[in-house]
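One chain is shown next in structure tokens, namely the form predicted on its own.
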Amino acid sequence: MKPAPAAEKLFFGAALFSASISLFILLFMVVLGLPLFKDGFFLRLFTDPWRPDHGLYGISAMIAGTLGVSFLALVLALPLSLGCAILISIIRPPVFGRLLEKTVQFMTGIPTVVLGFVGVFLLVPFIREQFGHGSGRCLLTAALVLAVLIAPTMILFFCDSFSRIPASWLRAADALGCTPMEKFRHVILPNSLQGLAGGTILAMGRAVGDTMIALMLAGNAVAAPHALLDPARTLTAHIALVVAADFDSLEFKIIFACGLLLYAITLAMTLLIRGLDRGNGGRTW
């Protein structure tokens, strides 16, 4: 049913307002970050270390920390999320399946700071005692908790992708005597790849943009991590730690370069999802 003209105008106004706010934020970061583009200084951000007392303001270590924590969290969360989605949508045990689905839906609303506190008091001591190295605040600890954060988003998106498979295809598989896992492997999975990719990209975007978990658990060392137990600092955590600096200092202006980089990463992921959707004829399966 076509929406009423008033509702249509309301939705259009809301979309236009949201787009305007996003554009304003981008312009705000560009204007305040303009001094960084002078005399090739912007390129030095990707090569120099972070040593403000020596006039060096490179953010390459934070970029490495962001990618390391996010990709490790994605690697940990992907098989768990896919397994839960299969259990909820394909195997569907009558009681446990519904309970698991409600639990996953509830987990999407848990604040990240709560997960951070759980990680500080439970996971950090465990990692420290099990490996006997460092403080326990490291790349592995942050990635484990971040995987718990992004897994519900992936699970619900995967379940939605599975539910969009035409029922006639599933009935045909049942008529051929396929087991639930054979039906998943031969019918559902090949036709859900776009949806799985979209959910994975969205989860990656949320992992890259998270602040509290990385700030509380990654260790915040200004050095690129080379092992799972090395501390790391992400771009979002760096912004949170530097934001209290003098407004006129170059150190403060660097956070706008971090913001622009995060904005570019988010834009690239959004365009990738749009490209996948367009390449699949607008379907999510």
Partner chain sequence: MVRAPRLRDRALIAFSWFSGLGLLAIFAVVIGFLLARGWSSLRPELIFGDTPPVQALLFRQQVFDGLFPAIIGTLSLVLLAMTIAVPLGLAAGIYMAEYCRGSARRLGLFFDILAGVPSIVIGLFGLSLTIFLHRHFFGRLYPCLLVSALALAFLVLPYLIRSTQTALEEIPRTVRLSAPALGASRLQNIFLVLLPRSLKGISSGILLATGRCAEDTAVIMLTGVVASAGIPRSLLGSYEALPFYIYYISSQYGSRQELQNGFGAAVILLFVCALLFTAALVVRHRLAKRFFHR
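Bear in mind that the values here come from a model prediction, so they are computed numbers and not experimental data. Positions refer to the first chain, counted from 1. Rigid core here is just the name for the largest C-alpha set that superposes within 1.5 Å across the two forms.
Another form exists, predicted in complex with the partner chain; not displayed. Remarks below refer to it.
Looking at the partner chain in the model of the complex, residues F24, L32 and L122 each place a heavy atom within 4.5 Å of it. Contact check for V75: no non-hydrogen atom falls within 4.5 Å of the partner chain in the model of the complex. Contact annotation for A240: at least one heavy atom lies within 4.5 Å of the partner chain in the model of the complex. Using a 4.5 angstroms threshold between heavy atoms, F256 counts as touching the partner chain in the model of the complex.
By the criterion of a heavy atom within 4.5 Å, F252 is counted among the residues contacting the partner chain in the model of the complex. Y263 is not among the residues whose C-alpha shifts by 2 Å or more between this form and the one not shown once the rigid core is aligned; its shift stays under 2 Å.
In the core-superposed comparison between this form and the one not shown, L16 has its Cα shifted by at least 2 Å.
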